[in-house]
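Only one chain comes next, encoded as structure tokens, the form predicted alone.
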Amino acid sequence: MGARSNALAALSFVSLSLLAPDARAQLARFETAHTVYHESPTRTNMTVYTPGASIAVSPTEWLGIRGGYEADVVSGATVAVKAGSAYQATNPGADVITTASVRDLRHSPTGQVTLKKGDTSYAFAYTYSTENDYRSHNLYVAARTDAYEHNTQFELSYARNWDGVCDRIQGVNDRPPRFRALEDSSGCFTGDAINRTRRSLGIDGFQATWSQAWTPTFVTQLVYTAQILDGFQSNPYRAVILGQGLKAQEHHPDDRARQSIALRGNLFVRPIKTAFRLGGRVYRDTWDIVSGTVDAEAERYFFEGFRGAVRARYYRQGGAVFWSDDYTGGAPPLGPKGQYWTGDRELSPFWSMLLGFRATYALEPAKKIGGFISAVKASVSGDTIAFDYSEFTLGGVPITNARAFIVGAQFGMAF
């Protein structure tokens, strides 16, 4: 529910099915998606390749089963030690900003069962995610019902995460201002490394959705989302310069509650065969981050089965209550301004602007392809995001080249 952490998930609106023809009953559907994300702001860079595949089957009208797999292949460099402008001013020539190489592979299999009776359905899903320094178990349950001749839809969902984060074991008598950052992920979750430990993070998520078809061509959706996080939420690899040049591991609060409300509208203009989508979202959390998002999209149907879309998104947020570009100006001897400190630029004030496109082709032939494929769908997309960090610096040097590029391709078949 932050900014860039949600960039891939929030690139476009939910496409409301009332604007498309009724899909034929299918026994199975296979889908695969591939996304490449790349950014290279000042002194850092990151590339993430995300392949995924899923298959869903409906052996009966009341039962749906879905299984899937997704991965993240991560490489790049990130800030390992963050210093601010005040420290650099009092220590001219000191190059304390360091970066660390990042290479990781995340595996994430998932399974879901959906039960349907009349206009009501229930979904149950489990996802397991593992990487070198992180483990996650996620349980998801949802209930959805249609009302008023299928013009109204209500959905409630709950998700629970049991996560584990690898960290180094700190000195028995040390306190957060003297905690050392994790050097690398070697020995994590193996049980045989004497200087590694596991920090817990629990996440409870709630969501309520109301979708309404006001006319055959105008649909709205209202979504309320809330999360409660309890546990280790710092980056264990990142250190921040405190007073007297002390390099202390990033230190965030253990508790965080956040909520958002979003409103989206979808209008299909028949004469020009174009769907216009507009949405807004407001967000606030107990770290005092307040943000707002505005999305817009236009999707045109060019010919049978083919449509293209352009989209834009503007996002702006304020900084966390404990955010500072420099923590060396506090009370001696250690100098933190308050109880917590961070080197995360996504907790500073910033804004971002996304521009992108999507092209989709769907085919439902009268006769099955090859005798067994009843429908085919393919799409490609591209987005660029520009970021502007008004307060974050690396030793007094502003972040430049703060842009991200996202390219995606999806393909699906129904049998």
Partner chain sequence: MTRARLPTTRTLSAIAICFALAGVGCVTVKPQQRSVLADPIMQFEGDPQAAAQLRHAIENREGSYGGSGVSGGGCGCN
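Every value quoted in this text rests on a predicted model; they were computed, and no experiment measured them. Residue numbers count along the first chain shown, from 1.
Keep in mind that the form predicted in complex with its partner chain is missing from the display, and what follows is about it.
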- prompt: Among 175 to 183, 258 to 266, 82 to 90, 116 to 124, which stretch has residues with heavy atoms no more than 4.5 Å from its partner chain in the model of the complex?
  reply: 258 to 266
Its partner chain contact in the model of the complex: S379, any heavy atom under 4.5 Å: yes
message: Can you tell me if S352 lies within 4.5 angstroms of its partner chain in the model of the complex, counting non-hydrogen atoms only?
response: yes
query: Is A53 close enough to touch its partner chain in the model of the complex, meaning at least one heavy atom pair within 4.5 Å?
result: yes
task: Determine whether any heavy atom of I385 comes within 4.5 Å of a heavy atom of its partner chain in the model of the complex, and answer yes or no.
output: yes
- line: The one residue among N151, T98, T145, T286 placing a heavy atom within 4.5 Å of its partner chain in the model of the complex is N151
- line: in the model of the complex, the residue from K247, R311, R168, H251 with a non-hydrogen atom within 4.5 Å of its partner chain is R311
- prompt: Taking S129, F218 and E299 as a possible spot, do all three reach its partner chain in the model of the complex with a heavy atom inside 4.5 Å?
  reply: yes
task: Residue by residue through 199 to 230, tell me which have a non-hydrogen atom within 4.5 angstroms of its partner chain in the model of the complex.
output: G205, F206, Q207, W210, Q212, A213, W214, T215, P216, T217, F218, V219, T220, Q221, V223, T225, Q227
